[in-house]
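Just one chain is shown here, as structure tokens, and it is the form predicted alone.
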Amino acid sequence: MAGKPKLHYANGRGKMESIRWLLAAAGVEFEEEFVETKEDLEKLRKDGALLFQQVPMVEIDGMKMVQTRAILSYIAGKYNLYGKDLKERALIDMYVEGTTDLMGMIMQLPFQPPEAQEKNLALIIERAATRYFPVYEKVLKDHGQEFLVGSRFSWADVHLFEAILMAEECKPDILSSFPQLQAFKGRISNIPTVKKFLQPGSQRKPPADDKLIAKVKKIFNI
């Protein structure tokens, strides 16, 4: 029997958090080996574990996978969260790319100079409310199903749910004018594997604080 996937990254959200979310939503237990210092990162590089000298890296099925998108696609495919055919996968990919763009903006915010953060926070809220969330609101309304693609829970749903939670950390009432997304959030949060990951004590990571930001900057020379 194959062992649990092992995740190599800093002890924070970053690009690994979507991987944690997808594994958790699939009901897959995983282990984590945190990159705590520059030396830890350098050791992974010297050992040849990082194809492009970067983390995230996930050990799964005998592979040492890098590149976030490749890792997520593999997990989605392996655990039947990637649609039933090529067209459904294309839709999932499009929706995931949209939420990835929004989450990327939010992820970068704590690492920006204080004078830029207020302006960029306003931009995130504006983009979420006018560019991204209206798309998913319309998709859910037009599709008339519980999920974004087809009639099954998929990677697109997990990713959108994660993006909603991140956006709500920026503005708690950001879904106030999106009734479909409010209902979607309620449905997804009650899926047993998702509900479990939302509980205290799970491997879900909190927003980055000043201490973590300083540590990450030091490890990755940011």
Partner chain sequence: MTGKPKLYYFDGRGKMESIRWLLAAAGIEFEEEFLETREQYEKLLQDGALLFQQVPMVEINGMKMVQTRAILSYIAAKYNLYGKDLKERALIDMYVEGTTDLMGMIITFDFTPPKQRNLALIIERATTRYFPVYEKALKQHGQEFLVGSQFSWADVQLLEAILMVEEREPTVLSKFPLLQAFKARMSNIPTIKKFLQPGSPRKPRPDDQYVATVMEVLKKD
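If you're wondering where the values come from, they're calculated on a predicted model, not measured in any experiment. Residue numbers count along the first chain shown, from 1.
What comes next is about the form predicted together with its partner chain, which does not appear here.
For the three marked residues, Ala70, Lys78 and Thr130, a heavy atom of each sits within 4.5 Å of its partner chain in the predicted complex.
With a 4.5 Å cutoff on heavy atoms, Asn190 does not count as touching its partner chain in the predicted complex; it lies far away. Mapping the unseen interface onto this chain, Thr37 falls outside it, with no heavy atom inside 4.5 Å of its partner chain in the predicted complex.
By the criterion of a heavy atom within 4.5 Å, Tyr74 is counted among the residues contacting its partner chain in the predicted complex. With a 4.5 Å cutoff on heavy atoms, Glu146 does not count as touching its partner chain in the predicted complex; it lies far away. The candidate stretches are 193 to 201, 55 to 63, 177 to 185, 158 to 166, and the one lying within 4.5 Å of its partner chain in the predicted complex by heavy atoms is 55 to 63. Contacts with its partner chain in the predicted complex, taken as any heavy atom within 4.5 Å, map within 80 to 109 to Tyr82, Leu86, Lys87, Arg89, Ala90, Asp93, Met94, Tyr95, Glu97, Gly98, Asp101.
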